[in-house]
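The chain that follows stands alone, in the form predicted on its own, written as structure tokens.
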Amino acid sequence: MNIYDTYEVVIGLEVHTQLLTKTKAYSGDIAAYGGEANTHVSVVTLGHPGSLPVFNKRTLEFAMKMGIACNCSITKVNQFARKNYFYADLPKGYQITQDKTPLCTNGYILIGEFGKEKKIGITRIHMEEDAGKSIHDLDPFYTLIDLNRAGTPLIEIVSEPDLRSADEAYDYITEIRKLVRHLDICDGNMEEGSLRCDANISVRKKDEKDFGVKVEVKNMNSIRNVKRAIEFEIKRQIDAIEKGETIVQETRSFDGINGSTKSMRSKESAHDYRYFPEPDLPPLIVTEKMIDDVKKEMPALPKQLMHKYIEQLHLSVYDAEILTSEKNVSLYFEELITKTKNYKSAANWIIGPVKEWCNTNAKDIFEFPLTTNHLTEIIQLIDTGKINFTIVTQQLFPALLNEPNETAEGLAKKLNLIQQQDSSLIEALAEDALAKYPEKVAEYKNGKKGLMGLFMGEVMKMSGGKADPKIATKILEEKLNGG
């Protein structure tokens, strides 16, 4: 047996989510990403003596949305705390956070294949502020400090140690990112630092009940790198144990270039931060009305939409996963299915030509030039036999993209693409096609039924692709079978 197969990994994730509020958590400073360094600051952000924090109500609303989406209990009486530590990009010398009373507790999310999901517990979701940013690669001699990010509102989502593989961790963060995007509380861009993940990883023999010594890995700027870091760390820890070495509790960073982790420092304990109640902010009281008001604003979440598309619309799991992967795709599809009952065709158009256009042009679906009315007309034209799918994809669809002010049917008529449904004309074309291949007709009548494609192709060619395939097929069958 492979030695690695005798071990089990235990993983817990801490996901820091930067909230899309217009201003910072405890001041009126702009909270937008970017901007010239150290311009989104004030005396509050800079920690000047005598400056006082004022809580941003939107932070609470966004945090509650995530808590509700994660099936959490909402804490009614919330205390703020100071988390004390020194770092160059932390002007006050502490972060305002929540220690003893996290806003959201005892929740869960589901990951994995539809119908076979695994429940991953959420220990807590608490509100806090972000630190600034230390920049190490712009100057060969100095570290540069940009405090634009300092004070930006965050929620930290802490999972239970329920994850048992790098793949499960990948699925978990993917689901978290889906949720925050559907809720419009975070853009989920790990590359810009608005979604950051720390992984707590330990290994133990499969027959052991106690957890091993956990190692925290930081500095992962993509979901793929979280998976890579965990895979490396699992192997590193098992190799160390097999050599008789002791795993120490520490914080490690991940190097995305070579795919390895390296030690940064010994892991701090909670008491190292000297948490104590924030004296400048009163307790935050959450009422049932506040919770109900937030619930009323909640959109349909990805898992809810998955159930709807699979169980009510009878779409495949594959279709449902793609349609719920991005909020704007879901919204576009939701609007489309209010106008057509051909749900499968609606899904196919979005997953196929529409997504292809978006990917090719690096655009969001809300920048797609055709409205749901255009797609509804296209689906109806195909369903009623006025135009065939091939002509639509090859000619009508590209033409509509260039002339989005036209209606689908109007442009089809202008381009002379409407299918020919005159039976007498199609019959004449069928007779010409059969007369062109008398020997093939004989072969067909002797059992080579696959030759129907040849005759159909000839009819479509002579009609310029406009003969109604259903009518043409019926006429050809009648003539070939002696009808």
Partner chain sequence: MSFEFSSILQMQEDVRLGKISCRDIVSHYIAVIETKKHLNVFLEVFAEEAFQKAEATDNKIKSSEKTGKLFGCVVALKDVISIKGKNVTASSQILKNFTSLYNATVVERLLAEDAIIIGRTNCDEFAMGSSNENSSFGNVLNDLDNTKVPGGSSGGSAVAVQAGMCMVSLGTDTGGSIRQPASFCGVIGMKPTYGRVSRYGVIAYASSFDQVGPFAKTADDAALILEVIAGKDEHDATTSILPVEEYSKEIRNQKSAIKYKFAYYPQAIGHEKVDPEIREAIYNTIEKLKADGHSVEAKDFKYLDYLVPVYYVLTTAEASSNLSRYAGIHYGYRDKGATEMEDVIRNSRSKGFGKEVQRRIMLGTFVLSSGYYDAYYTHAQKVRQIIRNETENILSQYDYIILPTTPTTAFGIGQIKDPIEMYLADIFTVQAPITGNPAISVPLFRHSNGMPFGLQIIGKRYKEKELLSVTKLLQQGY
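Because the structure is predicted, anything quoted here is derived from the model rather than measured. Positions refer to the first chain, counted from 1.
Here the subject shifts to the form predicted together with the partner chain, a form of this protein not shown in this document.
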(message) Which is the contacting stretch out of 410-418, 29-37, 448-456, 48-56, given heavy atoms within 4.5 Å of the partner chain in the predicted bound form?
(response) 48-56
(request) Quick one: from 256, 121, 193, 277, grab the residue that has a heavy atom within 4.5 Å of the partner chain in the predicted bound form. (result) 277
(request) Name the residue from 166, 301, 281, 315 that puts a heavy atom within 4.5 Å of the partner chain in the predicted bound form. (result) 281
(message) Check for me whether the partner chain, as it appears in the predicted bound form, comes within 4.5 angstroms of all of 322, 357 and 368 - heavy atoms only.
(response) no
(message) Can you tell me whether residue 394 touches the partner chain? I mean in the predicted bound form, with a 4.5 angstroms heavy atom cut-off.
(response) no
(request) Report whether the minimum heavy atom distance between residue 208 and the partner chain in the predicted bound form is within 4.5 Å. (result) no
(request) Give a yes/no on whether residue 428 approaches the partner chain to within 4.5 Å in the predicted bound form, heavy atoms considered. (result) no
(message) Can you tell me whether residue 350 touches the partner chain? I mean in the predicted bound form, with a 4.5 angstroms heavy atom cut-off.
(response) no
(request) Any residue of 85-105 with a heavy atom within 4.5 Å of the partner chain in the predicted bound form counts; write them all down in order. (result) 86, 87, 88, 91, 92, 93, 94, 100
